[in-house]
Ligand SMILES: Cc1ncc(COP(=O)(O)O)c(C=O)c1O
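A single chain comes next, written as structure tokens; it is the form predicted on its own.
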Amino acid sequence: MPPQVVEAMQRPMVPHRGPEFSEFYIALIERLKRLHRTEAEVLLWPGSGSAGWEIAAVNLLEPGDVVVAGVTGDFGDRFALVASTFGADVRRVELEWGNAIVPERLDAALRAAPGAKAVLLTHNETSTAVTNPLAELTAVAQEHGALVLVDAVSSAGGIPIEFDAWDVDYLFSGSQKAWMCPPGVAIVVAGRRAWERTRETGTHRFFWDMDRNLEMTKKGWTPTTPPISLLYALDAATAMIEEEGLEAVFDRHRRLGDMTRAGLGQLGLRLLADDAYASNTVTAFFPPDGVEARTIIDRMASEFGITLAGGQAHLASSLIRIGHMGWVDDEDIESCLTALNDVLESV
């Protein structure tokens, strides 16, 4: 986390029903709207990014609703699982990990599921380092009259999102990735069609109730006691993003993604993601033949103090992931690649 974010968390507490908090909260919501390129409503909850799946399910879906889910990795699988847990009839579009869901594939799935209420999309699949083409996929879903519900946990704040221009209906993220904050705040953006849908569904909800949250947000309050220190952190982080400039932030992430992929290629390492859809916030690669992923991960940590992530699900023991999102610059990537080279030379 940037020092400014850490410092912001040390600010004194204020009453969350007082005028000081209300003024602060309204300004934070307005900044988040600007950073999502939207005039739609932005809502915050205490919770990780994963809360966004359940918020979507209990507000926008009903048992029996036909839903098409693009599953390009572990997080797409979880989004589909949450929807099915709440009774939706989920039709999965399964792709081999490393591939993106393309518009033609989604169109075929929706033709096979007439009347689908929603499409579940993972913008940036963290487990595979694939960025799905959200703008194109949203256009296909809208042609079929389906709501577009988007997991943007590892893309928001690092990869371009045009909520209004792309006509997205619902999108969520969490504070802990490109937003440069600790985990603990779920961020939701909901457009007009999503709000219309909330008034149609008869599902029971309380803590995750979008209407209740919106009513309080318009007053500058939260429906429950908020994590004030984390909101201070988010305020500081989003101010940094605006100061750098949103396009400059996207360009920096694009440059870091290119640098990481090129560096791994020079080391002779094979990437998982289809190059046409490679993520600019995380890169996944396979270790050399005969070398366990855990060996490299452990040595990077013990010898250089650099934390890499393993894979997930069936790739848990055979994949390595480098995060390059948020408060990251060229020097960080150069140091990581240099250390990785040293480890590879001695394994």
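When you see a residue number, it is the position in the sequence shown, counting from 1. The structure presented is a predicted model; accordingly, all values stated were derived computationally and were not measured.
This next part talks about the form predicted together with the named molecule, which is not shown.
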query: The named molecule contact in the predicted complex: Lys177, any heavy atom under 4.5 Å; finding: yes
query: Close approach of Trp53 to the named molecule in the predicted complex, 4.5 Å, heavy atom; finding: yes
query: Any non-hydrogen atom of Thr260 within 4.5 angstroms of the named molecule in the predicted complex; finding: no
query: 4.5 Å heavy atom contact, Gly49 and the named molecule in the predicted complex; finding: yes
query: Residue stretch of 87 to 95, 261 to 269, 124 to 132, 225 to 233 approaching the named molecule in the predicted complex, non-hydrogen atom distance within 4.5 Å; finding: 124 to 132
query: Answer option from Val153, Ala194, Ala237, Leu106, heavy atom within 4.5 Å of the named molecule in the predicted complex; finding: Val153
query: Within 4.5 Å of the named molecule in the predicted complex: residues from 62 to 81 (heavy atom criterion); finding: Phe75
